[in-house]
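One chain comes next, on its own, written as structure tokens: the form predicted on its own.
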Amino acid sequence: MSEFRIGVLGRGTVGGAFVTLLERHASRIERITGLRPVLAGVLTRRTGPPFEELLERSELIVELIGGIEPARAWALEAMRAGRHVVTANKQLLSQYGEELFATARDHGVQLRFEGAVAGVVPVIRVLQESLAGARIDRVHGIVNGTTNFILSEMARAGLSYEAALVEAQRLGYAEADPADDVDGRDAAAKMAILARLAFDTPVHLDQVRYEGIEQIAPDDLEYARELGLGLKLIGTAERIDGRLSVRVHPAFLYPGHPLASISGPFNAVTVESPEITEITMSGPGAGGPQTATAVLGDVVSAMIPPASAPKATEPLELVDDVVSSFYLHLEVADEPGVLATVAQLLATHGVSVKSVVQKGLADQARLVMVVHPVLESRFYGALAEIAALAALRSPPRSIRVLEEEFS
């Protein structure tokens, strides 16, 4: 029997699940690869052998320790020593991906990271391998299970954001400190990785515009139902006039959109290309066993070379000002002429209204509308003037609306 020795960094939720899966499926992997995977050791921040010792007795390093350091230093050292590396560390890849990719190429080893984006949904492998010959125009999706669960519960049960977050934490879908999830940073890191692969352009986390879901209110979802819309946190990377836009924000979807039906802690990613039209992949986006399964798949792939992240050869200019439709929620004084004034300010900036709902009287008066697609800079210019109106009782709320419906 030939052994393939695997060193593991980290034994938290994912690391522990990975060790269990590796031992459980070792015989099956041996039948597939002709090599029996063997655990060479586990190093955590507090326990285990020195890294140099673990590296010496390993042929592949699985990095699940998280954070930037020492994960970055150990991954680089492993690849420079001729070891393959498998990681699920989205923050590391979104900030130091080019350095890691270059090191893997320079030393002829594999760097695999399916578990870093969308859990067990195989979007990385599809972009790197299945669609390697296609020209991708857009990748967008729901890439954070925590926020999707929260928004699903707000819509289903009418919960406030705070109550839905508590429920997500109770069920283990949200961390004790959920900041990176709910403010959009986690999804932004994943979109930086997907953009790099889909568009062959280096994208750093700091170049991704992102918004979270903390300001979403139950009545936004109530009005959305009346307008036939559902709310998701959407990450998008797309070509626009020879440039690249990468962004994360809440967005309303019409029922015909392929992402509209994705609920709970599930993730989904849609890839669009002239050659394939569009494909959507969905599945569990979080959880130890799910992510560990993706990591184990990468390990098996690394045991059957070759694979690599090619050098970026098409650096597209990043663009911020894109076209979008918007939902606009205004709490206003119940007095004549308010709607006309709002409509006039929108029109002055070239923003046209698609639909309007008026609710309530006196201190409960509200205007809720959806506007036609327009450059974001024009909409936000109008919004700044609307926010200054004396008739407004609170700051306006706006959420993007995705117009696409697929049959």
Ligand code: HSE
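Note that residue numbering begins at 1 and tracks the sequence as displayed. For clarity, every value in this text was computed on a predicted model and none was experimentally measured. Throughout, rigid core stands for the largest set of C-alpha atoms superposing within 1.5 Å between the two forms.
Absent from the display: the form predicted in complex with L-homoserine. The rest refers to it.
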{"property": "Heavy atom contact within 4.5 Å of L-homoserine in the model of the complex, the stretch among 140-148, 208-216, 318-326, 103-111", "result": "140-148"}
{"property": "Partner proximity in the model of the complex: Gly285 to L-homoserine, non-hydrogen atom cutoff 4.5 Å", "result": "yes"}
{"property": "Heavy atom of Glu175 within 4.5 Å of L-homoserine in the model of the complex", "result": "yes"}
{"property": "Close approach of Lys90 to L-homoserine in the model of the complex, 4.5 Å, heavy atom", "result": "yes"}
{"property": "4.5 angstroms heavy atom contact with L-homoserine in the model of the complex for Asp181", "result": "yes"}
{"property": "Interface residues of 185-223 toward L-homoserine, as seen in the model of the complex [heavy atoms, 4.5 Å]", "result": "Asp186, Lys190"}
{"property": "Core-aligned C-alpha movement of Asp241 between the shown form and the other one reaching 2 Å", "result": "no"}
